[in-house]
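So this first bit is one chain, no partners, the form predicted on its own, shown in structure tokens.
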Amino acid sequence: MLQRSVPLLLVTTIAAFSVAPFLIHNAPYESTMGLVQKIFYFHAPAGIVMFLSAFVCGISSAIFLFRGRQGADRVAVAAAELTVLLGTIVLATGPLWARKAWGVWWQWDARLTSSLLLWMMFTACLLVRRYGGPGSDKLAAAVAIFGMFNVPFVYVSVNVWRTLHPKTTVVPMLGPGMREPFWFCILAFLSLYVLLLALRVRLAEQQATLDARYLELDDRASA
């Protein structure tokens, strides 16, 4: 069903990311940061969808680890790659905002450091998967589950420790004119995420089919 939705998802994603810049442009300036605050409309939605992707990867990894379902494994790999991609967007846009807002590119505070560690966990998951040898799929699944359980820690870190990063109360406190573009951008990133996930899973299925054909040909040749 997800594969059949790809054309609709593609059109929706293109339309959403075409409209988003106009909504962001028309959003009011934040009183203290001015224009640079508009990075928020890409930075925060990318972070939210990154958290979602980490959960998709972790849950799919658990299903593969305990049930042995190959379909879940393919979803887990795709979600891990997208978690790293979204994390890269978050880690790239954050310093651009921080340089103007805080006067520095990076601070080793709780949210920034934990976000970097989360990104490194899912990067490690992919590296283990590719270079770990026999049994690396199960080891990578365990790493992904561990990474998933770190998401709530990353989220609440700004509320537990004193940090330069804004607290989680920022989103509920968004004023009129800011709230609408923000939620629209979340939907745009969510649409992009589902589209890329569907395409990546489809690619993994085709790779699995091709590998099976090669093994079948090798068996025939050896016989």
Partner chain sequence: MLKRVLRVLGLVLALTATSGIGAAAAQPSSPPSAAPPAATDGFVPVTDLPPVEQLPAAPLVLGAYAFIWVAVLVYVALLWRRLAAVQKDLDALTHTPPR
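Note that the structure is a prediction, hence the values are computed from the model and not measured. Residue numbers count along the first chain shown, from 1.
Separately, the form predicted in complex with its partner chain exists; it is not shown, and the next lines address it.
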- Since exactly one of L112, V75, L118, L82 fits, which has a heavy atom within 4.5 Å of its partner chain in the model of the complex? L82
- Item | Option touching its partner chain, based on a heavy atom within 4.5 Å in the model of the complex, out of I59, L190, V36, L52 | V36
- Does the 4.5 Å heavy atom contact test between Y41 and its partner chain in the model of the complex come out positive? yes
- Message: Test of understanding: in the model of the complex, would T123 fall inside 4.5 Å of its partner chain by heavy atoms?
- Response: no
- Task: Evaluate F22 for contact with its partner chain in the model of the complex, applying a 4.5 angstroms cut-off between non-hydrogen atoms, and reply yes or no.
- Result: no
- Query: L196: heavy atom within 4.5 Å of its partner chain in the model of the complex?
  - Reply: yes
- Item | Stretch in contact in the model of the complex with its partner chain, which is absent here, among 133 to 141, 96 to 104, 67 to 75, 147 to 155 (heavy atoms within 4.5 Å) | 96 to 104
- Message: Suppose contact means a heavy atom within 4.5 Å; in the model of the complex, does that hold for all of F17, A92 and L210 with its partner chain?
- Response: yes
